[in-house]
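Encoded as structure tokens, the following chain is the form predicted alone, with no partner shown.
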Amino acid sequence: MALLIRNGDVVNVGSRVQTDIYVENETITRMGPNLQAPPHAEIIDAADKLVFPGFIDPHVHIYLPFMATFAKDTHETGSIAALVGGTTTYIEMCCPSRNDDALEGYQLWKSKAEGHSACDYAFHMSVTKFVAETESQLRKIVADGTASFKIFLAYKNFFGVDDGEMYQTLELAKRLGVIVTAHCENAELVARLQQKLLAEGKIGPEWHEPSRPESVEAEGTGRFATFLENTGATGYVVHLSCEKALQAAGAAKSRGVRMHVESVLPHFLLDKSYAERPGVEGMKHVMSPPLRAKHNQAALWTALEQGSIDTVGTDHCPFDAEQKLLGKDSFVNIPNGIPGIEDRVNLLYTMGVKGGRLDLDRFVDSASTRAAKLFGLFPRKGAIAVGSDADIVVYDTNYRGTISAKTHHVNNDYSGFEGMPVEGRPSVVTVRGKVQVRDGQFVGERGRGKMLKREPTHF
């Protein structure tokens, strides 16, 4: 069905213009003033509203077996929550463990999403070991359209790779033209610090952060940069949380290392005091890297404004209160993660744009366009332009509301951002021209989403 969006204030990176948008066959086919549409076209009046390209979350976990349990969302619930919040594409971490076959894991993750997601999606393929068959398997996965890898410099003996495996992964990625995303910590130091704290009887959630302090993240970031520098590969640090790690990334960039940086919503808005609350309330806010001392937030906002932090994701990983209580006797058993896929855009707009920390250009870039460019989706995604997919967010800046688990669409019994105010939300969200959300409610087609095929990019 044809769609005409009239009178919109259309914001792309580098431009802002009053224009109409005409959509046909899932694609934006015309833009300009006073467009005419055939009688059968659906018409949306976007007067007094901002119109953004569909937002992209570059870091989510939907299906995830982890720490003796499973993340709570399905691709149906997670994608609907994403769409209500304005995210029209997400990139999921495919995370088989070291004990799993990589190719079988990739097919499993694909099967969980296919026919269930209401928005489009892609994958980062985790490399959790490098053995004889790994290269041939990764080549098949890249040929299938997944053109980014993920490595963990944490979670020893489960997801984590050693330095030799990191080198092999980066060397292959360089040859294939694949960007490598990395969870940057030091697995050995974390394991040793955990053992030390537990031996001292320090078992509560407040000890999670001291077990993986800022220096450990900074070391991992610097080590990843050194390996990038010596292989010529291109890297992307996921969920960078603190000023020390930011400094390590900045030092690498200044000497020419091809390294990009993502931070995630919780680290901009929450601090370690949330995880120091007693009992399950603290456990709800345990994630890795941990929530940090509050002074780090100013450094992250400044870096985001300046563009030295490229993207804002969520690391969406929902575990409910009962699952968090698996760690009641030891913080090392608390499932790591916090939900956020539904709240990212509205809170980033509220606290960033309305809060005077971000202009609209950087907002759109960090929440949509930059991820599309880094991960081989641009200009299909990340732009409102003729020829682009008609993923469009008509945004009501006059809306006022409050984050609450009582009203969210995530399959989780709490919100990490409970009670936070929002100033603005999507009034209409389309996926390839199909209206999927109106005024905070999913009204569209379940299972509409498709896996996005990406070509390797030789940076």
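A quick note: this is a predicted structure, and the numbers were derived from the prediction, not measured. Residue positions are given as counts along the sequence shown, with the first one as 1.
Missing here is the form predicted together with a small molecule; even so, the following discussion is about that form.
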(request) Consider His61 of the chain shown here, and say whether it contacts the small molecule in the predicted complex, taking contact as heavy atoms within 4.5 Å. (result) yes
(request) Mark Gly337 yes when one of its heavy atoms lies within 4.5 Å of a heavy atom of the small molecule in the predicted complex, and no otherwise. (result) yes
(request) Decide whether Glu342 counts as a contact residue for the small molecule in the predicted complex under a heavy atom distance cut-off of 4.5 Å. (result) no
(message) Test of understanding: in the predicted complex, would Asp315 fall inside 4.5 Å of the small molecule by heavy atoms?
(response) yes
(message) Can you pick out, from Phe130, Tyr155, Tyr236, Phe331, the residue that has a heavy atom within 4.5 Å of the small molecule in the predicted complex?
(response) Tyr155
(message) Just to confirm, with a 4.5 Å cut-off on non-hydrogen atoms, which of Met287, Met125, Ala252, Ala122 contacts the small molecule in the predicted complex?
(response) Met287
(message) Partner absent here, but in the predicted complex, which of 26-34, 406-414, 427-435, 53-61 has residues with a heavy atom within 4.5 Å of the small molecule?
(response) 53-61
